[in-house]
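Next up, structure tokens for two forms of one chain, structure 1 and then structure 2.
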Structure 1
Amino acid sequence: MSFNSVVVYHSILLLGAPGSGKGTQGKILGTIPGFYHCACGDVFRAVDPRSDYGKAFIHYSSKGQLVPDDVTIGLWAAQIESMERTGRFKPETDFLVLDGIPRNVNQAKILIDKLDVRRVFHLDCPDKSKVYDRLKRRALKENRIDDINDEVIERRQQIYEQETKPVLDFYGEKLITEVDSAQLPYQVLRDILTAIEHHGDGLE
């Protein structure tokens, strides 16, 4: 697929299993000047059903089928370029904080010429019981009752291990910072910001 914009986005990726807190950290970082947060869920919620990619998204999602990678990335590109046009995202000065994209290695390959990935934060929680508790609390809060089921949670964890975790290998260990996501949110944020400063990834 081709992108309308020739701009390459300086990017920070938040990678972690469901319940790792990457969405929380992305939202916090997005409130800091110089960072723009874009989550996969936000892209899907903002879909324009009249666009070609929007029609394709609805075609697959309405049938409960997985949305193909090229459609997902097409929707993502349209959303980002819209944020550029409206001035909400300024790629010449802002770091793009991505959460949920790329979701697999194929998506990372599609985006290889579009993203200048400066750092990948792997939010990892060795204590899986904490992850399960987080997901159940979130499900109750957001009225996502199906997500309370242990089998559903386990299946989502397996999908992450099989499809998304290999993205770490794609980018390589030099770009990866391991973060203990079992900590309190402010402690996780502290570790992320410290790593950004340490690696010289801050805005200049």
Structure 2
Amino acid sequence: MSFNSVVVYHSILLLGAPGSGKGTQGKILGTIPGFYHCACGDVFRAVDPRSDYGKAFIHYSSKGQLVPDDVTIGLWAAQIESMERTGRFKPETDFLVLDGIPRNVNQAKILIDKLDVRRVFHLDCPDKSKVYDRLKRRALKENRIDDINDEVIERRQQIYEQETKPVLDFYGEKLITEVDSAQLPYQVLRDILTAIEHHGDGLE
């Protein structure tokens, strides 16, 4: 995979099943100076649905499947480099808060030289009924085709277990902070910020 920029991104990863609240936390973190949030799902949703990228996204996401890695990384790299060029994301001073990428071990391997991963937050909610309620509410509010029916929601949870969870092992437990995502959003945020401070993960 080719990146035009050789700059390494100091990164914080938010990892969790669909509905675990990664997007909510990512958005809040992204409002703090020194943090830049990039949600891979948002990158896809912003693409013209008539383009090749847009068509691929609709094809796979409507079935609850992952978009192929070459398409995903290609689109993501173009987006993040454009943010870098236009000065919205400043890799020398900003933490990149990633949500939704890497979503499998292959993507993590492709990004190994590009991401300097400082901490991985595993947002875990043992109460699956809570997660399903959140997804259903979001589907109605945000018109999300991938959360509309139980079958697709179930498929997305399975894919998370099979493909995304192994990403935790890839980075190893030293980098991982477990967060109880059944808590209220402000409590989840408190746990994330406490861990960032505690681990002295500031940029040099």
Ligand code: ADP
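What we label the rigid core is the largest C-alpha set whose atoms superpose within 1.5 Å from one form to the other. Along the sequence of structure 1, residues get numbers from 1 upward. Just so it is clear, the model here is predicted, and its values are computed rather than measured.
- Here the form predicted in complex with adenosine-5'-diphosphate (ADP) appears as structure 2, and structure 1 shows the other form of the same chain.
- Core-superposed comparison between structure 1 and structure 2: CA of Q158 displaced by less than 2 Å.
- With both forms fitted on their core, the C-alpha atom of Q65 sits 8.1 Å from where it sits in the other form; this compares the forms between structure 1 and structure 2.
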